[in-house]
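Before any questions on how it binds or moves, here is one chain, the form predicted alone, in structure tokens.
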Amino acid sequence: MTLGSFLDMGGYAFYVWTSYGITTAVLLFNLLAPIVQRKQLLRQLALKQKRPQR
């Protein structure tokens, strides 16, 4: 098996590599979205604590 034939995936390269790419993108989103949301929430809570209470 050569690298070229591996990358060609038996003629289904476009479908295989597209599915790998979409899967990777979804996994990265599922990993990074909660981290970003947590940082935003902590920033909002810190701003609320700094404001004087009425």
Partner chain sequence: MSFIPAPISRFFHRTASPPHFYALANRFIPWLTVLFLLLLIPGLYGGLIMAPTDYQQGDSYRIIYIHVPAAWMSLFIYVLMAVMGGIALIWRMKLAEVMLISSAPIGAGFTFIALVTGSLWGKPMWGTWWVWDARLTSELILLFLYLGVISLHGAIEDKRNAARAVSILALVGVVNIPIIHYSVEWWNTLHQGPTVSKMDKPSIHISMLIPLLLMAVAFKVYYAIALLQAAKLELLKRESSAQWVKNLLEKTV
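Computed from a prediction, not measured in an experiment: that's the story for all the values here. For clarity, a rigid core is taken as the largest C-alpha set superposing within 1.5 Å between two forms. Numbering follows the first chain given and starts at 1.
Here the subject shifts to the form predicted together with the partner chain, a form of this protein not shown in this document.
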| item | value |
| --- | --- |
| Interface membership of residue 51, the partner chain in the predicted complex, 4.5 Å heavy atom rule | no |
| Contacts with the partner chain in the predicted complex - residues in 9 to 26 whose heavy atoms fall within 4.5 Å | 9, 10, 12, 14, 15, 16, 17, 18, 19, 20, 22, 23, 26 |
| Per-residue C-alpha change between the shown form and the other one, residue 10, threshold 2 Å, rigid core fit | yes |
